[in-house]
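Here you get one chain, nothing else, as structure tokens; it is the form predicted on its own.
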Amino acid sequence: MRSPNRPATPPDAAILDNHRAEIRMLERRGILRGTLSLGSLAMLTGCDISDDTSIGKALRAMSSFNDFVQAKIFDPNHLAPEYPASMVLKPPRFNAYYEIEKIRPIDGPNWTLAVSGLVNDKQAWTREKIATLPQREMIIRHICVEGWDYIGQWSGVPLRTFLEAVGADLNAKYVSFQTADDYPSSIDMATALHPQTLLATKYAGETLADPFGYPLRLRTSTKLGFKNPKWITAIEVSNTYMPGYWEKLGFNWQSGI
């Protein structure tokens, strides 16, 4: 007689795979929360990690160690779990240190994307030109450093595809972003080339709304939410580290695995 605690048939392989993926996600979130203690500590104590005091030096050392560990853990071939369209949150959750009504929308018809640094083609890009590149869609989990998350459906141009189109040096170290809301950011090249890193132009099949980054934002499955800049106006490829807005306040630069 079958034990009441044992399933009558083996569980479906897809269910097992999704379960394992969820476990990995929970482990990943635990790692990220632990390594992100620097930013929280800096904000709570009012410390500026750029200062030259012993506290500032200790915070910088902690941040550098966390970034080192996360860079070593990162697997450029590992894909984050993707989800069915039925789980997509519509509209996506808005989160910022300003009210949604105070957003300064970009002038779409006149918007252009500046490109600079270690690239062969430094011509500006329009929305129409970006739309000619191969597109990809992904439904992934957005994880915020504050502890909440949601499932989002993003469409756009893989950042790797864009970098190849402008003749970027793919051996460079960094890709940096300037934004219309003055929250610049930067990522490592390995993350930029990851298959689930997009220059997103749509959400749930529709053009991005103004509050969520219209007309172009970064969307990657391997970083926390604040590492996904909105309202991008410029991209630069370089070997020079340029910390983003949040990194200057003490948050880890990698902020993901």
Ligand SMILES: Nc1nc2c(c(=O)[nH]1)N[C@H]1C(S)=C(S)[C@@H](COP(=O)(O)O)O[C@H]1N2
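Residue indices: 1-based, along the sequence shown. What you see is a predicted model; the values in this text were computed from it and never measured.
Another form exists, predicted together with this ligand; not displayed. Remarks below refer to it.
With the partner omitted here, the stretch from 111 to 119, 173 to 181, 128 to 136, 157 to 165 that lies within 4.5 Å of this ligand by heavy atoms in the model of the complex is 173 to 181. The candidate spot formed by P81, Y83 and T222 lies out of contact with this ligand in the model of the complex, as no residue has a heavy atom within 4.5 Å of it. In the model of the complex, no heavy atom of R141 sits within 4.5 Å of this ligand. Using a 4.5 angstroms limit between non-hydrogen atoms, Q123 is distant from this ligand in the model of the complex.
In the model of the complex, K90 stays away from this ligand, with no heavy atom inside 4.5 Å.
Using a 4.5 angstroms threshold between heavy atoms, T197 stays clear of this ligand in the model of the complex. Annotation for 160 to 177: no interface residues with this ligand in the model of the complex [heavy atom within 4.5 Å].
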